[in-house]
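Below, in structure tokens: the form predicted alone, a single chain.
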Amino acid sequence: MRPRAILLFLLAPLFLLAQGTTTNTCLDCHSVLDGRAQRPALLVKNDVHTASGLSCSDCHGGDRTSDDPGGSMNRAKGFIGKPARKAIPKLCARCHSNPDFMRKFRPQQRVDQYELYQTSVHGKRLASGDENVATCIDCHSVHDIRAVKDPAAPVYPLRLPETCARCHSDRQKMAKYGIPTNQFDEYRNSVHWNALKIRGDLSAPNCASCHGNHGAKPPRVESVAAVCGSCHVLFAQLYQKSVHEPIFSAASGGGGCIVCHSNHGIRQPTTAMLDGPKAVCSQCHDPGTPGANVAAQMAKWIDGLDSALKHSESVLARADKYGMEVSEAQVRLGDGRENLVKARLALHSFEPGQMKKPIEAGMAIANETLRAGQDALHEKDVRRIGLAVSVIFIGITILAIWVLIRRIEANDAYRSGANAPAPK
């Protein structure tokens, strides 16, 4: 027998063993079926579990190596088929709550998702028998479960709001709970959605940022400021020391940041919230009252500084366009904008004295940079006048030289004619 044949003969059992361990009769069978029965076999190729070497039987039980349906779907071997909806979270938790098992695949992944889910509104309602609520598969999908960082995953930051909206924008589903269905529409008009979708900032708040993910729970009124403050730290610190904090916290039906900013439909803040026909402050403070007057003064300060900085910026831009050196003033203008941000931040303390300091500092910078821009434009005009005078002087000089040359040429011609011999 040839050496190669001997080698193949010896390795044949290993090849057969390897083939046996990779056999998946579930896929073999479902791949040739039609419609919904074929769909799992088509989707599972993109599943994170498949990529990790897990198979259908790890979730559905049975024997994936058996060619006989009676064997592959043998309940004595743990076959459960399609899991009951109420059993899905616990089924997923068999692996995802096992630290030793998860360490083989995702060592960094948390293993308390199931415990958190049980504390959530979804988990509590499911435990009480309400199968209308979300389970793992409603958010993560079923046979094509993808990693959170995968842009195609339903829980990817850009897609998560739409995933939540599949249920929470469904009037029929939400009717029995008395929950509004306009949250997603409002969110898509908010500054958070603008940052997430338009600017592509994946760290911008989405549903899970405020409500949690596995432990999803609506923030209580008294905790709203704390939830917002997890991102807006400085705003929250000033608000907690303000006169409004105890008033808003005690208000029935709402409190904290949502009194002025709403919750899902948070718009870009403007001074129109302080003063004007649609001012938020006017909901509590009648025109002419001390509170309304303070709000109007704050709005005037912010608008005044904003206008002064923009005017200075436009003057500096004109000077820069003409080639004047104003880079130092433009850098300094950045300090003015920083003071405008500080003033808007100090607004949450509702202490005019705290807000006035950055306003005054910002106005000083706006005036300083405006003078720098005006001086540069004045210098440009002076240079233009000097250039014009120089051009005129050069022109006069050239003309004088030309006249002198002509005169010399005329004198030379005259001399040449005078010295010519007389005709005979």
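Counting begins at 1, following the sequence as shown. Superpose the two forms; the largest set of C-alphas matching within 1.5 Å is the rigid core. Note that the coordinates shown come from a computational prediction; the quantities given were computed from them, not determined experimentally.
Below, we refer to the form predicted in complex with a small molecule, which is not included among the displayed structures.
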Residue 370: touches the small molecule in the model of the complex, heavy atom cutoff 4.5 angstroms: no
Non-hydrogen atom contact residue 312 with the small molecule in the model of the complex at 4.5 angstroms: no
In the model of the complex, residue 69 touching the small molecule (heavy atom, 4.5 Å): yes
Heavy atom of residue 360 within 4.5 Å of the small molecule in the model of the complex: no
Among 361-369, 382-390, 395-403, 47-55, the region lying within 4.5 Å of the small molecule in the model of the complex by heavy atom distance: 47-55
Single option in 137, 158, 317, 127 placed near the small molecule in the model of the complex, where near means a heavy atom within 4.5 Å: 137
Contacting member of 132, 330, 189, 354, with respect to the small molecule in the model of the complex [4.5 Å, heavy atom]: 132
Rigid-core frame, C-alpha of residue 364, shift of 2 angstroms or more between this form and the one not shown: no
